[in-house]
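The chain below stands alone and is given in structure tokens; this is the form predicted alone.
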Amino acid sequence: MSTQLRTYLDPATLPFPFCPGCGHGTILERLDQALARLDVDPAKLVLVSDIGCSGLSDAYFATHAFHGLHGRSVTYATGLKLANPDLQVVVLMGDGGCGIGGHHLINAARRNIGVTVVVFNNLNYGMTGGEHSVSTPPAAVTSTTPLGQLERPMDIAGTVAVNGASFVARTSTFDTTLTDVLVRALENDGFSLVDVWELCTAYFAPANKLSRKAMAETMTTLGFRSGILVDEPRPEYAKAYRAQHAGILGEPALLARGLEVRHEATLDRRLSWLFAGAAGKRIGSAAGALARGAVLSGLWATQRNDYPVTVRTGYSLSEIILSPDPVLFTGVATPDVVLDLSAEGHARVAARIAGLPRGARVYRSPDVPETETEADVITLDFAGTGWARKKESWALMAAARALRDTDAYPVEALREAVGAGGAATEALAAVDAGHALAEVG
């Protein structure tokens, strides 16, 4: 910039709306002084805020601003810095936001993401009625702790300090060097946090007779050191990340692997499939192979999987849609083909099977409970194939058998879809065995 700014505040929005004696205005004035001293380009400055009295702050600055959910301001700031490492990103948040988004603070600190967090720490939720917060001192009286606070308060500055923040300070609105501290925080290339203690003159200070002297005594009693706690520069994350990936900048994150059409499908309508089996039995893999084979045959295909978070226990479902036309809605209300292969999967789809109309087909394992339905039910003879113990291959075998019956596309495409080489030998054999799979009885 050619000339140094006198202020970053927007005169048209002043004065501040805070209660008389509230420290918020003092913090904003000192921040304005620090920004002016550093001659920060307002076009490259973003103030990020969330909910609370401190969340009103960004509206009084003639800079960029981002206002979001309570406790999430650090995540927004992280995203801005990652998107553009040249930005000066400053978070304005209260102690309430630090409690709600504590894990965001910790992760930003350990990454050393280059944002500056200024904490308006008035020891309570000042906007919503004076409830206790994570920083409320022991024995303090608030609207939610009328008999005194029992919890140990969170050491906000200490928490980010031990988790990798490269600049940390704790001070108060009474500190005559507050502007200097904020300058040092803004100059730091990595993650900075300044925990500024202040008076909430509406609730906390009157209820607890808090004064400048009492505030300092509270810090001492808690063992919370004031001043500069950490000043240890180290690589800033956004810049380090870009440097690490400079060689592939602009390249796709995942390389597309196209499937060339080499087979001809006979399917002339939309055909939906439902695979129902047990987790760990390659249900999704078999369904995926069916979908790839369809694409190799010139069809459109979609896949939707459903399984519990345990992944290898419980049920595993997969819905597949094959169509000669683009699939604009991927939901499957009434499948045309159901592969019912285990008790776990059956329990999830029994009601859907019962409601199937005539013309639908159900391919079931002999050990799955029978369900009364108008659909055609085919019980597969896995035992007669020599694959009775290889339940991991049943889904692929059943898919090959159903593919034979529906004649949706050539089985050669399914064989190609499962791959080639030694790792695919058993899968190829399963396709061949499934294509010839007979019915029980």
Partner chain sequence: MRELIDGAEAIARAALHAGCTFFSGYPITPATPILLHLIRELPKVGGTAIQSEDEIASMGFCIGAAMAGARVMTATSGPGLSLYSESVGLAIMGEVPMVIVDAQRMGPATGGATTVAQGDIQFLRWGTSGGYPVIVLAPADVAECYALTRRAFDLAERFRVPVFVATDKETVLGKATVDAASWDEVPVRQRPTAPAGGSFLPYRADPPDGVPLMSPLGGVHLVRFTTSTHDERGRLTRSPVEVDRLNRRLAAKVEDHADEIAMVRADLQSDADTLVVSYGITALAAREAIASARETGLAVSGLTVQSLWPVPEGELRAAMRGVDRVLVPELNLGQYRLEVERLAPDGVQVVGIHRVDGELITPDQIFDAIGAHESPEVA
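Just so we're clear, the structure is a prediction, and the values are computed from it rather than from any experiment. Positions refer to the first chain, counted from 1. Throughout, rigid core stands for the largest set of C-alpha atoms superposing within 1.5 Å between the two forms.
Missing here is the form predicted together with its partner chain; even so, the following discussion is about that form.
J.: With its partner chain left out of view, choose which of 111, 282, 346, 364 has a non-hydrogen atom within 4.5 angstroms of it in the predicted bound form.
T.: So the residue touching its partner chain in the predicted bound form, by this definition, is 111.
J.: By the heavy atom within 4.5 Å rule, which residue out of 164, 298, 158, 314 makes contact with its partner chain in the predicted bound form?
T.: Among 164, 298, 158, 314, a heavy atom within 4.5 Å of its partner chain in the predicted bound form occurs only for 298.
J.: At 4.5 Å between heavy atoms, only one of the stretches 90 to 98, 217 to 225, 172 to 180, 254 to 262 reaches its partner chain in the predicted bound form; which one is it?
T.: The contacting stretch is 254 to 262.
J.: Using a 4.5 Å heavy atom cut-off, are 42, 61 and 82 all in contact with its partner chain in the predicted bound form?
T.: Per the other structure, all of 42, 61 and 82 touch its partner chain.
J.: If we define contact as a non-hydrogen atom of the residue within 4.5 angstroms of the partner, is residue 147 a contact of its partner chain in the predicted bound form?
T.: Because no heavy atom of residue 147 falls inside 4.5 Å of its partner chain in the predicted bound form, the answer is no.
J.: Would you check, heavy atoms only and a 4.5 Å threshold, whether residue 69 touches its partner chain in the predicted bound form?
T.: Result yes; residue 69 sits at the interface with its partner chain in the predicted bound form.
J.: Although its partner chain is absent from this view, report whether residue 307 comes within 4.5 Å of it in the predicted bound form, heavy atoms only.
T.: Contact check for residue 307: yes, within 4.5 Å of its partner chain in the predicted bound form.
J.: Looking in the predicted bound form, any heavy atom of residue 10 within 4.5 Å of its partner chain?
T.: Residue 10: yes, in contact with its partner chain in the predicted bound form.
J.: Going by its partner chain in the predicted bound form, which residues of 215 to 252 come within 4.5 Å of it through any heavy atom?
T.: In sequence order, 237, 241, 242, 245, 248, 249, 250, 251, 252 come within 4.5 Å of the partner.
J.: Relative to the superposed rigid core, does the CA atom of residue 249 travel 2 Å or more between the shown form and the other one?
T.: Comparing the forms between the shown form and the other one, which are aligned on their rigid core, residue 249 does shift its C-alpha by 2 Å or more.
J.: Please check if residue 174 moves between the shown form and the other one, taking a CA shift of 2 Å or more relative to the superposed core as movement.
T.: After core superposition, the C-alpha of residue 174 moves less than 2 Å between the shown form and the other one.
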